[in-house]
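Only one chain is included here, represented as structure tokens and corresponding to the form predicted on its own.
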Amino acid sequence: MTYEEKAKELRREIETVLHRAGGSFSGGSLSIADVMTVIFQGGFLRLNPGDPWKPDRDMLVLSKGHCSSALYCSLAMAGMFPKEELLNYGADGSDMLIHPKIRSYPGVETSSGSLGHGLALGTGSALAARIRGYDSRVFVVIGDGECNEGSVWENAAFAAKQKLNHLIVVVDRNRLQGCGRDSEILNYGDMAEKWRAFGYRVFDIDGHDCGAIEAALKETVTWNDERPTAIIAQTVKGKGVSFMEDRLEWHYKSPDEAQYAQAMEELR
């Protein structure tokens, strides 16, 4: 199965769990589906379902935790836990919370809710791995709206200073956040130049081109310099479902029966 087919499968799983639970955040979950597919299905995040918490493990920190449906579905598709567990998403009494709880499921590396904290966890984990002599890769997936938080840039500077070259930051550059377009709230302009200025090795790519994502990751994991990596993934919020694409309301809405049926048809 190709990356593109796997990404469509991931999008179907995302919309199914959100529809079943009456959950929201379709837009930001769909925009990272291609990136998550290549990271998980391409072997770049080295997983061990039999020992998911081993100290020298690779980690993926979903800092934009409201898009947890993309994380849970990616982990289930990668065999970290049975897909049947996705039935628990958002259910009363379940640990499969809309904002994830740390270690609630194998591969869920952090609790989240408030934005801007994931990169701090990622930089700390990458530094700890280096001190212990591990070659662990640490991926941190953040939103461009989340980059409004000063803690993001504090940790970006720290990681570059510490030469944490096993840290890979993926910025979901869909240009929409909870209250509007990023250019209307805090205009960051050329996001790639911002990360370069902080001392990162930067790839500015089409975040829906699985070949481009794979090529950037392949080059990244050769570790041919001391810099951490930032991948600016140029994406479309709600990608893959026509009536959700680049629409702010799909940050919040849950698909009704007709919308779900249309989404499933488009994603076949």
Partner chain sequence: MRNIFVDEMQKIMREDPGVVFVSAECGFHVVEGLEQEFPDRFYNVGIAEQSMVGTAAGLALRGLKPVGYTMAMFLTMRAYEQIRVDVAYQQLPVVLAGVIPGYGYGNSGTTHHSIEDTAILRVLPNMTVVYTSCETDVRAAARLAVNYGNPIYIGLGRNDPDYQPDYTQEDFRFGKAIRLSDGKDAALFATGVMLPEAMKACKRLRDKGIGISVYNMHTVKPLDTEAIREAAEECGVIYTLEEENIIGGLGGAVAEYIAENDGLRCRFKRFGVPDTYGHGSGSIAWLRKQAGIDAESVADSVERHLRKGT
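Just so it is clear, the structure is predicted and the values come from calculations on it, not from any experiment. Numbering follows the first chain given and starts at 1.
Beyond the structure shown, there is the form predicted together with its partner chain, which is absent from this document and is the topic of what follows.
Its partner chain in the predicted bound form comes within 4.5 Å of a heavy atom belonging to residue 102.
Taking non-hydrogen atoms only, residue 194 never approaches its partner chain to within 4.5 angstroms in the predicted bound form.
Using a 4.5 Å cutoff between non-hydrogen atoms, residue 155 counts as a contact of its partner chain in the predicted bound form. In the predicted bound form, at least one heavy atom of residue 138 sits within 4.5 Å of its partner chain.
The candidate spot formed by 55, 121 and 132 is fully in contact with its partner chain in the predicted bound form: every one of the three has a heavy atom within 4.5 Å. Here the chain stands by itself, but in the predicted bound form one stretch of 75 to 83, 167 to 175, 194 to 202, 121 to 129, 121 to 129, has heavy atoms within 4.5 Å of its partner chain. Residue 97 is the sole member of 80 to 98 found to place a heavy atom within 4.5 Å of its partner chain in the predicted bound form.
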